[in-house]
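So this first bit is one chain, no partners, the form predicted on its own, shown in structure tokens.
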Amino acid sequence: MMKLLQSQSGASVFQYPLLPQSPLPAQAIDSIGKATLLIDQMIEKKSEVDLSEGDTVQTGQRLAPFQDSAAYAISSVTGKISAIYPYPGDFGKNFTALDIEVAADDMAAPIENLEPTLESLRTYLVNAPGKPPLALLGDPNRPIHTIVVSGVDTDLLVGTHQYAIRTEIDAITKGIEVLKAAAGAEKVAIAVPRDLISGFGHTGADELKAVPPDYPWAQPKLVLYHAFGVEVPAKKTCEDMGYAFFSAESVAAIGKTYLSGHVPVDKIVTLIDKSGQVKVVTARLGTPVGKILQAAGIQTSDRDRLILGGPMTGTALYDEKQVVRADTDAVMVQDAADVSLVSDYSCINCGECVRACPTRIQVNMLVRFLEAGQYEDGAELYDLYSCVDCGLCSYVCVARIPIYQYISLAKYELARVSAVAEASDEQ
């Protein structure tokens, strides 16, 4: 459960929960019947795709819409493709979905000539469990000098990264070795909860950093500030400062691939039930969320809320058929009676959002511009880009304004407009 404490300043703070010293083995979710894989590129016509309905695929096989496509999925099951169709995502993101009917026999497709290079990593591991952010590496215009392996989870109640750093240390050690060889980074650091600081000296990492237990200090920008003494200016990213964050699970996935010659297809997921109890499970990529709930004995009723992620920054699901993806770290079930409904009430200027904000943005003023769709003015006048996406403003808002959602939408719209402008300038 979330633990609310008083800080030295008197302000209320949440603390990240720690898993038990020896975490229980994750419950494996088996027998999914059908897997749905998402390729990060939407194809409107089936005739345009090299893949066909009826094709037989093996576990670990690379599935790309075209022979030389950079977008692809790794099959998490053995079976036959039963459907290919466009799939809409959040914030304008669209995919091509592949439904695969699972066969009785699971056959793994090995990788041949696997070398510790960025090319090999990008060819097979972009959609591995944990979704390694490999696109951040190898850019001469934005060189990465430090890779941070994160063993801390950014949202409350979530224990996925923490579980990986505790149970997959051999694979993480191998993953660090491969990343050092492939990325050319000067050093690799491991960030873990302060109370777990001992026991990671043999991983090959160059530094070990302790993260405070108070929310939201596990957010990457705040980790840089507290643990590395690096302040990320507004409109800049951690990558702009030379730091790339990889989850412990994603590094473990890299290590497992090079140890076994097969791409791992099991995703660690933190399952949070209606009472706030936490269970760690593993599920094949492409497993429907409903299958996980069923296997865990969790029943949903009308008006219950399903959340992909944790209670502060997660997003609501509209269908139990939505599937586990490479970056699905948590699934939360909220009882209908506990759901806090948002409102269209006006801000009452209580100042709670400003007091809760770790970067001291004037949130009460910023939200007025975002509600009106004046995103550029909000960013310019009230420091939108200093937001670290922790969601505390929404949590404390007595008027129940969905501030975090307004901020997320504003950042998306500004990024979209900026991309359109850059594309126009290049023509």
Partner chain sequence: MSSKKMFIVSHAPFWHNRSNIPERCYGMIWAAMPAVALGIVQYGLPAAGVVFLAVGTAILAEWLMNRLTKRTATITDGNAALLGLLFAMLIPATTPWWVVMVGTLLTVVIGLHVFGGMGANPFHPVAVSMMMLTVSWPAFMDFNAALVNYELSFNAVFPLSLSKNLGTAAVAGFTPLDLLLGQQTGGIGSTFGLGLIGGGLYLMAKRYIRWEISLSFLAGIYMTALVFHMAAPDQYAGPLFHLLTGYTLVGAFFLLPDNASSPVNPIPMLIYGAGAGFLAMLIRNIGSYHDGVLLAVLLMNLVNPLLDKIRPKALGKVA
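Heads up, when I say rigid core I mean the largest set of C-alphas that superpose within 1.5 Å between the two forms. Residue numbers count along the first chain shown, from 1. The structure displayed is predicted, hence computed values, not measured ones.
This next part talks about the form predicted together with its partner chain, which is not shown.
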Legend entry - Which of 395-403, 35-43, 48-56, 64-72 sits within 4.5 Å of its partner chain in the predicted complex, heavy atom basis: 395-403
Inset, instruction - Heavy atom within 4.5 Å of its partner chain in the predicted complex: which of Val77, Leu156, Ala248, Val269 fits that? Just give me the one. - result: Leu156
Legend entry - Contact residue in the predicted complex, chosen from Thr328, Thr146, Gln334, Thr282 - any heavy atom within 4.5 Å of its partner chain: Gln334
Inset, instruction - Kindly indicate whether Pro311, Ile348 and Ser386 are, all three, within 4.5 angstroms of its partner chain in the predicted complex, using heavy atoms. - result: yes
Legend entry - its partner chain contact at Gly184 in the predicted complex, heavy atom, 4.5 Å: no
Legend entry - Residue contact check: Leu306 to its partner chain in the predicted complex, 4.5 Å heavy atom: yes
Inset, instruction - Spell out, yes or no, whether the shortest heavy atom distance between Thr300 and its partner chain in the predicted complex is within 4.5 Å. - result: yes
Inset, instruction - Would you check, heavy atoms only and a 4.5 Å threshold, whether Gln294 touches its partner chain in the predicted complex? - result: yes
Inset, instruction - Would you give me the residues of 320-356 that have any heavy atom within 4.5 Å of its partner chain in the predicted complex, in order from first to last? - result: Glu320, Lys321, Met332, Gln334, Asp338, Val339, Ser340, Asp344, Tyr345, Cys347, Ile348, Asn349, Cys350, Gly351, Glu352, Val354, Arg355
Inset, instruction - Using a rigid core alignment, state whether the CA of Arg368 is displaced by 2 Å or more between the shown form and the other one. - result: yes
